[in-house]
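Shown next as structure tokens: one chain only, the form predicted on its own.
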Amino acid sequence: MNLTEQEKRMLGGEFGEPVARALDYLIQFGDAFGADRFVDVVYAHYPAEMSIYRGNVEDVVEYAETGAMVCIPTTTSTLACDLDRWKEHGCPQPIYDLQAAVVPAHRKMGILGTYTCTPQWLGFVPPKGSYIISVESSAIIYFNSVLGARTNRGGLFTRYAAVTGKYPLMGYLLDENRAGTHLFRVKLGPQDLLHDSDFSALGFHVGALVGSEVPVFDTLGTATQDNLVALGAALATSGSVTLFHAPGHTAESDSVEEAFQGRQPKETHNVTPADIRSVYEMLTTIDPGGAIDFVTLGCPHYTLEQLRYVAHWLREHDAKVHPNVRFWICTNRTTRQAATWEGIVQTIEQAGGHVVCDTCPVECHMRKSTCKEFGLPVPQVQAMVTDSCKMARYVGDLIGCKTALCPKDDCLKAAVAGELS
């Protein structure tokens, strides 16, 4: 790789050993992928090491002792437990004790303890065209697509980019790799894309068709920010989509033609109501009228407005969560604090729900492998209802429960009834 004079000084140790070592790793990484030079990154979303993975927490604690410090704004992704309310959620103490060790390590490195999969809701909104580095598939696709910032899937190299402020110019940082590859003509009416779960189903259908390539949607109707987050998260679940274009909704293209950068689509697909229904059917393995014991909303993490909606629904229906159901709404700790100030959390919890921060069911102690390690019953959940394809897809495998994909209101009805209506 071609280094600037500043980068040569960094590599030579002028900025300290941790910076020199981090840059050396990035040089090897860039060389392996044929990158020509570095670019300056302005923001990082960091992998918050989780105690359900062996060695994860120990690694960051050890790394913090080297004196490494981040040099750009750096937020953190989700953990394996709610650090404030782990006990009431049934998390074994060893998981909490180990997980809590990341907090002083992150603070020592200058990393912000956001512990969320949606840092954009906390004001981390990198500008169009800026180079960033991120983990968490739903955040990555939102940054790339809706905002038009540029990031690859960061992995462990997010750490070294945050410490140096550098990243090799390659992958989705390059103009030519951001062109659309597949065209999707969305033959859906407003009644077919009413709910976040409908957009999630659309993303799940399309992601399975394109894999790791770049879909272009000719229309998405009147999609909201929440709809776009749900769409992106599902695209990155059934496939490994890192970028999509939807002219009128995403940042980089004013037209379908512009999204393809003058190229022809590899494939063109029509998306029909039957395609959306098929996703609901695929991810619903609970029989109608079947008992359920878990309802979860907030994958990706809910906003303050989404929490307010749930509280309003519960008040309006004078509803209580069924005694056989655990009802989790996952969010970040800053949003939970704001929701507490507004009385939203109190309303939800008086109705029998839990507003959970820092984590989600698929990342916590309820995983089958973790349950076996700590002698917990397997599975922890028998039948889960959710409005997220991402959650439904992963908990089926990782927790081992039956699932149902439903619009938000139907999830709330199930939580109250204790069964899938």
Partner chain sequence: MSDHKVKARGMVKGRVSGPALVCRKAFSFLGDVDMDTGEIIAQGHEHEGETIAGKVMIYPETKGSSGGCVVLSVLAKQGKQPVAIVLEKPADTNIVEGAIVCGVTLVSEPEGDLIHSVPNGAMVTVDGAAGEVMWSDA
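No experiment lies behind these values; they were computed from the predicted model shown. Residue numbers count along the first chain shown, from 1.
What follows is about the form predicted together with the partner chain, which we do not show.
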Fill in: Candidate spot L98, Q337 and K408, all three touching the partner chain in the model of the complex (heavy atom, 4.5 Å)
no
Worksheet item: Which of these residues, Q306, S238, S253, S130, gets a heavy atom within 4.5 Å of the partner chain in the model of the complex?
Response: S238
Fill in: Residue among Q225, S212, Q261, N270 with a heavy atom within 4.5 Å of the partner chain in the model of the complex
S212
Worksheet entry | Contact flag, P377 vs the partner chain in the model of the complex, heavy atom cut 4.5 Å | no
Worksheet entry | Partner contact for F157 in the model of the complex: the partner chain, 4.5 angstroms, heavy atom | yes
Discussion item. Test of understanding: in the model of the complex, would M10 fall inside 4.5 Å of the partner chain by heavy atoms?
Written reply: no
Discussion item. Please determine whether E136 contacts the partner chain in the model of the complex, using a 4.5 Å cut-off between heavy atoms.
Written reply: yes
Worksheet item: When the partner chain is placed as it is in the model of the complex, which of 46-54, 350-358, 66-74, 378-386 ends up with heavy atoms within 4.5 Å of it?
Response: 46-54
Worksheet entry | Residues from 334-365 in contact with the partner chain (non-hydrogen atom within 4.5 Å) in the model of the complex | none
